[in-house]
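So this first bit is one chain, no partners, the form predicted on its own, shown in structure tokens.
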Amino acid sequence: MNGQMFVESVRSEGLAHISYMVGHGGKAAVIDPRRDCREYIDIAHRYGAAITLIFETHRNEDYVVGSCELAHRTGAEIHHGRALDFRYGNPVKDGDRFDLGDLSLTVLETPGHTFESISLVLTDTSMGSEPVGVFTGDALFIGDVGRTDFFPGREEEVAGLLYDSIFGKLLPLGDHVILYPGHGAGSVCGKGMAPRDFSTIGYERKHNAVLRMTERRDFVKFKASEFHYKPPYFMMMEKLNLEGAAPLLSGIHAPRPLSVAEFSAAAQRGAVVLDTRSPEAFAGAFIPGSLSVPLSMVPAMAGYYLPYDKDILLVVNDDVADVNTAVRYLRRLGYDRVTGYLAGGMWEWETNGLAYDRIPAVHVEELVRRIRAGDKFTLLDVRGADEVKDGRLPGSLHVYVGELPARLDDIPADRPITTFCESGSRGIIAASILKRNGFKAVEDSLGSMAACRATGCPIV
């Protein structure tokens, strides 16, 4: 496969992050690599190519970029936008061109999501000078455009920059050009992304709702008023990705299996216990004081709650597979102090006679009965603001699950609390936070809004 041109995508589950490899003639480039970078090396070997170039389309906020890790392993050069003073790599500007055999990557400065954002235009020079594709980072997505809320007080300015980048530089590349965005559906970097990873500039021009706002003032007004949640871990990602300061993975120890006594002692010394089991398993029995984040939700939700200055202990379903997955997810967020896991899981904890707690599950029919009977309880809806706008249960109190630790004073402590979300997964996170903070009568509505739609709850 040595002479074959290739473009390959590498998806990071949970984060909806997409990185890319492109190459020809024995050379390859990686665009926005993740920290666990072995897959890029394997792809390069498959094509008989050496990774010589690494590009960052911008300073990423939602994961630790793997540029320094990959450069350490391959000797490749790192390149990123010139409008930010990175502590590593090389700045690039409009028009800079990099050749990989008969393929070339040409830099377009496309600020808006961030000031240093760049896009990379892909051309097959053996066929001519027209572009084939464009790697847009977080400037243009499939079904949406990048968020522009990272610079408080400058919302209109950066929204205007994004408009100019999209309408002045990206769309003029041509309707035939293939779009390669930095994220897909489910990413916190946009809202209306389509659940597919393939599109063209022409298709987006026609069907992307934001791109139909062709007047600059309309686009700027819409983007400047848009609301996004910003997890607190973003600040750490920005720091690590500016300085290239994330430790090399080869220097980080894997978590150890801990006996019940070792695990309990570490928790008493202040380590955070992260339970990644399902909502149903956690509700049935959990270690008092532990935080529940179901494994599939760790990439999106753990960064709201976990500190960087404490050890993290894991409780999982499967000692090997689930530990490895949880560690991979956490390291992508910069959490390197995952020191141990409970060997044997909750069964070992229970059979050693240690204390455990539980969270009762409440069926939606019981919720409806309570609402209609006027029972005194708090139905805590922890979904996002956009979800709540589409319908909520009468009398519910809305506090987004990511903001719950900062808004505990808003939760009545003198009555039972039933957490509620879309299916029960975020509800169990919220329930565990409440229990960790001393709330006694806490329940979770398994099924939540999905069950309500199936059974006919009174939605307002």
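Sequential numbering from 1, following the sequence displayed. Since this is a predicted model, take the numbers as computed values, not measurements.
The discussion below concerns the form predicted in complex with another copy of the chain, not included here.
Trainee: May I ask you to check whether residue 51 falls inside a 4.5 Å heavy atom distance of another copy of the chain in the predicted complex?
Mentor: Contact with another copy of the chain, yes.
Trainee: Even though another copy of the chain is not shown here, does residue 363 get within 4.5 Å of it in the predicted complex, heavy atoms only?
Mentor: Answer yes; at least one heavy atom of residue 363 falls within 4.5 Å of another copy of the chain in the predicted complex.
Trainee: I'd like to check something about residue 14: if you look in the predicted complex, is any of its heavy atoms closer than or equal to 4.5 Å to a heavy atom of another copy of the chain?
Mentor: Although another copy of the chain is absent here, residue 14 would stay clear of it in the predicted complex, with no heavy atoms inside 4.5 Å.
Trainee: Is residue 266 one of the residues lying within 4.5 Å of another copy of the chain in the predicted complex, judged by heavy atom distances?
Mentor: Contact check for residue 266: no, nothing within 4.5 Å of another copy of the chain in the predicted complex.
Trainee: Just give me the single entry in 389, 217, 376, 256 that has a non-hydrogen atom within 4.5 angstroms of another copy of the chain in the predicted complex.
Mentor: Of 389, 217, 376, 256, the residue with a heavy atom within 4.5 Å of another copy of the chain in the predicted complex is 256.
Trainee: Could you tell me which one of 74, 104, 290, 187 places a heavy atom within 4.5 Å of another copy of the chain in the predicted complex?
Mentor: None of the others qualify; the residue that does is 74.
Trainee: Judged by heavy atoms and a 4.5 Å cut-off, are 225, 368 and 417 together in contact with another copy of the chain in the predicted complex?
Mentor: Spot residues vs another copy of the chain: no contact at all.
Trainee: Among 230-238, 200-208, 158-166, 79-87, which stretch has residues with heavy atoms no more than 4.5 Å from another copy of the chain in the predicted complex?
Mentor: Only one stretch passes the 4.5 Å heavy-atom test: 200-208.
Trainee: For a quick check, can you give me the residues of 214-250 that have a heavy atom within 4.5 Å of another copy of the chain in the predicted complex?
Mentor: Sequence-ordered list has one entry, 250.
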